[in-house]
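Next comes just one chain, in structure tokens: the form predicted on its own.
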Amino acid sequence: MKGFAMLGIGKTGWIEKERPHCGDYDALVTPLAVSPCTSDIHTVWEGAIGERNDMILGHEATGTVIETGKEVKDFHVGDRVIVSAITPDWGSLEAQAGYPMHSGGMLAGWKFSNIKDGVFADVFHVNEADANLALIPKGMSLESATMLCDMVPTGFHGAELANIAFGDTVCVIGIGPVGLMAVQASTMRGASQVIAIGSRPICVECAQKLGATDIIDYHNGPIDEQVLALTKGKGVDRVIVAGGDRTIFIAAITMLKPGGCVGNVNYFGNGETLEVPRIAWGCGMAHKRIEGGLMPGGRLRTEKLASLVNIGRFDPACLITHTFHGKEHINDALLLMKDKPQDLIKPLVILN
């Protein structure tokens, strides 16, 4: 089979590989639609997870089941499925402790294009199919379904980590596709004021439609100073970090009220350390918490989020700004995520 792969740091291309083996509890899937992620950019061009040679990229895909293991009960050949970007080993001790995304080791629930080949291939492998696949609901578009692989659950996890309560004032730092879904999740969890940090007009417009009450452009000065001015010096109850470099916690902690929480779902692709401001953190005693996490993944979470889309609570298809047809355009879509033109939120490649 063919796959679009990371050949080495800074290098990509199409390669030939053996079709993966389907275990008793697993499934093989051929993609219907795929979408590259900023994580792919960090992986290839920053070497964020180290050297990878001939590793097929991609972790966001909807597809059709073409083979199942003999112990798979709920999925069958021909089923159209959403494949969670995070596919834990659900019988692991880490999963039993409540952290399935770390099953087998830190971040090891993230298998696609990390510790095994990803979804930008003619065929890809899904472990524990009954626990990690979800049927595409009848009538749901591929655009919406594919955003349920990663962008929606990750953005919503930011709101979970920040522990947003009714009436909270929330700041979302970074309004790419994950940050936009964090804006959506903040409003759904009852935030009163949602301050979105971003500058690209298309992202700003989308954030406002999803419930952002205020927009702050980081080009206009330090974002913590702007947030404190907007809130008359009070700061915010919760911060969701969905973008920024290794210094972003300086602003996040500075704008946060004592007793507040930062929910981080940003992937820091380089640097050895992250910076936390000593004084703004109350010399370590301000009860300002930082919760950083990889979204849990799995079937149940995907099905629950899909049900919200299906009944019309929101539609993540609004994230798709560029659509390609044919696997030959996977590289074009990947480069869009690398270059981030002004009119981009998220690209989708539909496989013909």
Ligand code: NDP
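All residue numbers are counted from 1 along the displayed sequence. What you see is a predicted model, and the numbers here were worked out from it, not measured in a lab.
Only in words, not in the display: the form predicted in complex with this ligand, which the text now covers.
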With the cut-off set at 4.5 Å between non-hydrogen atoms, does M337 touch this ligand in the predicted bound form? yes
4.5 Å heavy atom contact, I248 and this ligand in the predicted bound form: yes
Using a 4.5 angstroms cut-off on non-hydrogen atoms, would C37 count as touching this ligand in the predicted bound form? yes
For K232, is any heavy atom within 4.5 Å of this ligand in the predicted bound form, or not? no
Run the contact test on M151, P177 and G244 with a 4.5 Å heavy atom cut-off to this ligand in the predicted bound form and return yes or no. yes
Just one of 38 to 46, 282 to 290, 22 to 30, 66 to 74 has heavy atoms within 4.5 Å of this ligand in the predicted bound form; which? 38 to 46
Just one of N266, T146, S113, T87 has a heavy atom within 4.5 Å of this ligand in the predicted bound form. Which one? N266
Since exactly one of G118, G260, P100, G198 fits, which has a heavy atom within 4.5 Å of this ligand in the predicted bound form? G198
Counting only non-hydrogen atoms and a 4.5 Å cut-off, give the residues of 288 to 321 close to this ligand in the predicted bound form. G293, L294, M295
